[in-house]
Ligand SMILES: Cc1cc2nc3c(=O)[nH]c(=O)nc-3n(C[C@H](O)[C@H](O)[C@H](O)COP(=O)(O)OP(=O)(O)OC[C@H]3O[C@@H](n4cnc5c(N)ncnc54)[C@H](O)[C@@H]3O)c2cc1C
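Just the one chain here, the form predicted on its own, laid out as structure tokens.
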């Protein structure tokens, strides 16, 4: 078993780390008002990072899930809003376009994603239905060679900046999960309107998006059948990329806390000289390393999508670990940890998102529990399910 990164992976991580630590770290506070980090996005496009999951024939790198997770981890160490912006370019959205969109759309949109000229926004959550996909009300009606979409999506990331919306919707009012499909809607299409704004504790703005008789060519209906099944397959990838951001936030908070406890003195001694502080640091480090092992292992199974059981396990653990670690980082900073000027405060707020997006922890626990309760143990027991 080999736990070291390849030389190519190390170079990729080092280039992103240099940019993030050198440029993004000092700008991070400026994005907390909801301003989109265009400056950071353009610099990442210059490195080729935005095309990490885009196939090579469209100018991307076409790299696996693991390398994408490594990049998000590095960016999240210093800037949550930028990591979330990159997730929008490297996550489910890009894969849906690359795999299902017609060539005319792929050849136009994907190179623009690589260049940082087209931001993607995935539209799933509705005012009355988040995880409950089977009760989506947004509906696309097929009328000859056209598709007409009506409905509302809410808590949508990057809606103000997006050039393309990837919208999961019901098709021809077919009920249940079997009725779910996906359409692509470009900004400026009549009937598409970005309305309400929700400013998040992590610094991002989320929006409401309305579709009022939005008329599209039939080719924009990119998933017509088995949409829910395909959505879940794609979301197994998201369940490795979301926790990569959680891991990075925890690592960033840990690094900031190490610096602080070495430099800050109380009672004429550095905080790190006190046993209570050292024990907190040990627990933070332990949690981070355990989370890293779970996440990297889940990423390693991707071919092209990760194992759903391991991805769900890694996501729950990383999301909840990040909350614990960033919380302890704030505690060890004392009153300064409660201020915007210290990065640990921003990292703490960003960490709270992980367990809410990409599949809530409660939903994923139920998924794991159902598998464990219903799995055939075989002669060697539950831990011989084949993951090694």
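Predicted model, so just to flag it, every value in this text is computed and none were measured. Positions refer to the first chain, counted from 1.
Omitted from view is the form predicted together with the named molecule, to which the following refers.
Although the partner is absent here, residue 375 sits far enough away that none of its heavy atoms falls within 4.5 Å of the named molecule in the predicted bound form. Residue 39 falls outside the set of residues with a heavy atom inside 4.5 Å of the named molecule in the predicted bound form. Residue 209 falls outside the set of residues with a heavy atom inside 4.5 Å of the named molecule in the predicted bound form. Put simply, residue 155 is close to the named molecule in the predicted bound form: some heavy atom of it is within 4.5 Å.
With the named molecule omitted here, the record of contacts in the predicted bound form names 355 to 363 of 355 to 363, 61 to 69, 22 to 30, 324 to 332, defined by a heavy atom within 4.5 Å. For the three residues 250, 254 and 314, a heavy atom within 4.5 Å of the named molecule turns up in the predicted bound form in no case. A heavy atom within 4.5 Å of the named molecule in the predicted bound form is found for one listed residue only; from 186, 204, 307, 160, this is 204. Screening 179, 116, 130, 272 for any heavy atom within 4.5 Å of the named molecule in the predicted bound form leaves a single hit, 130. For the partner-free chain shown, 80, 84 of 59 to 94 come within 4.5 angstroms of the named molecule in the predicted bound form, judged by any non-hydrogen atom.
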